[in-house]
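Only one chain is shown below, in structure tokens, and it's the form predicted on its own.
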């Protein structure tokens, strides 16, 4: 489905991002992953090599636009294009507002929103020049429902939705599609660390009766990146088993 497409995936060293790297590789894409640190990028690349998956990796500071742009230019120089950008890098929060500092709030907004803006801003001119491209962003079910604590996280994901919908309209004349995937409760490292007694109540909120897997999200990204979704833009696709608020 993605034969010879060049794909950049931020937050690609673990969880949903790493699974998306694998799925896109299976579908013929040339994948470049971004991580937050050199050691995590190298570890991910080594792990993928053991599965006969060859990818390239970088670790730019997503809050430093010039650094991001230089890496994007390097990728363009090597591959000639970027067909798909997946913005998956982000952090969560769960402190009550009384415990949340201004620095806490600013940090999550910077990483989840400003970092995404920087990668998009760096890539868009090259997509415009090619008159084609796909930008996919990781949102969250809490961008729709909110959450009972950790206000910075849903706030940042509301912003991701606004960015997605607005850029879809702005970039449509350039034949660039912009969509987001809003995962529900997914079996990642964070969830695996929860005791069973905390997971059981979560299951009751999901009509499909199971926790989502990283591949469920990766497959949603795959569909939206492919030509099968060529008339879809400005969509926030919920992948949450019809989970309830």
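Nothing here was measured: the structure is a model prediction, and the numbers come from that model. Residue numbers count along the first chain shown, from 1.
The next section is about a form of this same protein that is not shown, the form predicted together with ligand NAD.
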**Request:** Identify whether ligand NAD in the predicted complex is within 4.5 Å of every residue in the set 105, 118 and 154, based on non-hydrogen atoms.
**Result:** no
**Prompt:** So in the predicted complex, does any heavy atom of residue 186 sit within 4.5 Å of ligand NAD?
**Reply:** yes
**Prompt:** Do residue 150 and ligand NAD share at least one heavy atom pair within 4.5 Å in the predicted complex?
**Reply:** no
**Message:** Considering non-hydrogen atoms and a 4.5 Å limit, does ligand NAD approach residue 90 in the predicted complex?
**Reply:** yes
**Request:** Answer yes if any heavy atom of residue 172 is within 4.5 Å of a heavy atom of ligand NAD in the predicted complex; otherwise answer no.
**Result:** no
**Message:** For the interface check, one of 172 to 180, 49 to 57, 66 to 74, 33 to 41 should have non-hydrogen atoms within 4.5 Å of ligand NAD in the predicted complex; which one?
**Reply:** 33 to 41
**Prompt:** Considering ligand NAD in the predicted complex, which of 111, 159, 130, 144 comes within 4.5 Å of it through any heavy atom?
**Reply:** 111
**Residues of 39 to 73 having any heavy atom within 4.5 Å of ligand NAD in the predicted complex, listed in sequence order** = 62
